[in-house]
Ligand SMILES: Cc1cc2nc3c(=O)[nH]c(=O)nc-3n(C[C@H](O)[C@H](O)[C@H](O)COP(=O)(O)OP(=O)(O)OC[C@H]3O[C@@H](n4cnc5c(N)ncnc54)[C@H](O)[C@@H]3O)c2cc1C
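We begin with a single chain expressed as structure tokens, specifically the form predicted on its own.
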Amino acid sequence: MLAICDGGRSRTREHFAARFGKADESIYSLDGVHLRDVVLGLRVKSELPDPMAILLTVAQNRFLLDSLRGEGFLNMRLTDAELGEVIGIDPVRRVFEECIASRPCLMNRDEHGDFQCSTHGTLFLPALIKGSPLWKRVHEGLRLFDVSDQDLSAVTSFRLDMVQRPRFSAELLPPTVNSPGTYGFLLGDAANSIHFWPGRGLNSGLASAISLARSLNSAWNGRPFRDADFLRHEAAMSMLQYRHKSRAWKAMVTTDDQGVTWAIKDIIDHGIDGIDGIDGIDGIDGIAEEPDREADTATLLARMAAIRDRLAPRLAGMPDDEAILERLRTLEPRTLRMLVLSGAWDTLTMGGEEVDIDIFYGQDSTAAAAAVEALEPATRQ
């Protein structure tokens, strides 16, 4: 057997594409165009306590601080226009390179304060241009999450898109007189690469590995495997795909009051550029006007207060109104407007029942747990 778990861009999976079938992009497309988000990943150290960081993250869809005690990545959802600025430049040959845009590479801050790719020797161009619109917006995100300039230590990018996979288990090589057959199994991101905005990627990967292990444990009897041995595993993988990708799709799009679906990145773009509004989206109906700082601050404060009240029973130390206002006062009016338009996380539709793979392995799961428990005394000794 071959476990294929080499990431969302798995070359092993593509090598065996004829066995696993062609993935369907249409389910995660708008107007026939496959939807893709590009996120700028900023390695930072924030001075904010975790409760405040969580509240600021959930209240909008532009920035996501993924950290523990302030250290981690501040992820910034980019518009299509901003994506054009995400390039590196070779300072010696004076040519543009796409290492951060297509690989992507991690660009660490060097002793001169530049963000340099150690593999290709390129520098992150927006950080070198004083008037770069993208870099100005990066600093708005740093201010929102109380990150000083010296605590931004690296830059990278992530491409996030999803497809519907037809199957996750396949016979890669049939048995011959001289060799056994080989089965292949897609696990982790190679099986279900999802948008990380709402999380669940690690959960999905671990669940897929546990499901396969339980199938192998129950089916192995010294004789060759057969397709029927992986019926329950295939069902578990399909359930994981349905649950986690339906949740992740809600992190990429929003729906107006007429039922029309829009990409969140396009809503953000309207907030940045102040162009004609979109009918049906709260805050951008008709012709956009100059941002009203007081009105947008009040809107964000009310939104965050409602989220705070909902989270307070589960998360101690939530900030008061004055602490929230202190953070919002650091931002430019156009940034406040963009945060208002981006909307809060759609936690209602993302919530609900989680995948329980034990429903496919009821007695097997109990037996496996009992076996592990029986081994624990010997392990401790």
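Numbers follow the displayed sequence, beginning with 1. Just so you know, these numbers come straight off a predicted model, no measurement behind them.
The same protein also exists as the form predicted in complex with this ligand; that form is not shown, yet it is the one meant from here on.
K.L.:
Does Trp135 reach this ligand in the predicted bound form, with heavy atoms at most 4.5 Å apart?
P.N.:
Result no; Trp135 lies far from this ligand in the predicted bound form.
K.L.:
Residue-level contact is defined here as any heavy atom of the residue lying within 4.5 Å of this ligand in the predicted bound form; does Gly188 satisfy this criterion?
P.N.:
Gly188 belongs to the contact set for this ligand.
K.L.:
Going by a heavy atom distance of 4.5 Å, is Phe158 a contact of this ligand in the predicted bound form?
P.N.:
Output for Phe158 is yes: heavy atoms within 4.5 Å of this ligand.
K.L.:
In the predicted bound form, does Asp66 have a heavy atom within 4.5 Å of this ligand?
P.N.:
Looking in the predicted bound form, residue contacts with this ligand include Asp66, since a heavy atom lies within 4.5 Å.
K.L.:
Go through 116-124, 260-268, 293-301, 199-207 and give me the stretch that gets within 4.5 Å of this ligand in the predicted bound form, heavy atoms only.
P.N.:
Of the options, only 199-207 has residues within 4.5 Å of the partner.
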